[in-house]
Ligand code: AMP
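Quick heads-up: it's one chain on its own, the form predicted on its own, in structure tokens.
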Amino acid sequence: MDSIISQIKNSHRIVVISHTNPDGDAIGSLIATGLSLKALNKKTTLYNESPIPAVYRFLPKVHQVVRKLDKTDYDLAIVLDCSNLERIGTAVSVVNRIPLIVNIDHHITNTHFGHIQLIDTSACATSEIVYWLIKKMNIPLDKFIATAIYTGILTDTGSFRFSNTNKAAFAICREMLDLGVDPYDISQHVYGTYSLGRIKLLNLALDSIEISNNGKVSIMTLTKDMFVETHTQPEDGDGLINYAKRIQDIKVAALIQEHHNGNGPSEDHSMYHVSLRSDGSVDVATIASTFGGGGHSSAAGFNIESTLSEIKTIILNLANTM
């Protein structure tokens, strides 16, 4: 941690990046880090290739997150919540030209990319690691930073329901409340309000669910056509996999989501993102890593170019090993 702080203090132009198709932790840690660096008067760019999901657009300064990196004169890149550098998307070529890359993450499948790593697999979220980094730098926490950290921890622990929930999760979130964070307000934004389009998308997603013959694997599908029909965006699919996971006796749930900019109809080769969720009895991070992805033992994902039917066959075959 000390080496990272030293590099931050000696840097002038910093870009902070989190993974594509961001969740609450990716965005929360991104904003918290960015606001902290700006408190140090560092010229800071916040970057994420994907649109910010609607449920997280309430976060402070979220409008400052850009989707293109036009400049290449950064002297430091801080990559957050990514198990491998490819998770940031097409900006890899730009980031690889930056003199120093710092890798901050909590995924057990992290490949230890970059020049300096701060990886803590015992942390409940990358936002927890960012919290400790901010404290170590003696940067005063304000309500904006606190809101971002609280949201990151809340969402990555599944409202403190997931197995990664630790003592620090509660202690840090209590401190964030003391700084003015309103837990009801945040929960209403994250869990309480959906657009009509998202409800229609949910209906189509529920209709798409398939169950393996042994009843241990469920598959939910989101295609480009579904987004067009419901006038929604890929980020509206955030969290829908939980419906497939909650089916009785399911050990692994998969959400197959067609990339919005993929080519051709769904049965032709296209790019897909596959999210995996486990009840804890199956290590889905190991499964994802075989396809170049990563994550946690109970929540992981990977990208794949294939046909929809081939991907379903791969996932349904997993049931035979359970």
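One rule holds for the numbers: they count along the sequence shown, beginning at 1. Predicted, not measured: the structure shown is a model, and the values here were computed from it.
There is another form of this protein, the form predicted together with the ligand, and it is not shown here; the text below is about that form.
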Check each of H107, K200, K224, K251 and return the one that places a heavy atom within 4.5 angstroms of the ligand in the predicted bound form.
-> H107
Since exactly one of S83, T147, S218, T155 fits, which has a heavy atom within 4.5 Å of the ligand in the predicted bound form?
-> S83
With the cut-off set at 4.5 Å between non-hydrogen atoms, does H273 touch the ligand in the predicted bound form?
-> yes
Is the gap between S11 and the ligand in the predicted bound form 4.5 Å or less for some heavy atom pair?
-> no
Does the ligand come within 4.5 Å of any heavy atom of G301 in the predicted bound form?
-> yes
Looking at the partner-bound form in the predicted bound form, is G34 within 4.5 Å of the ligand by any heavy atom?
-> no
Partner contact check in the predicted bound form: of 137 to 145, 83 to 91, 113 to 121, 170 to 178, the stretch with a heavy atom within 4.5 Å of the ligand is 83 to 91
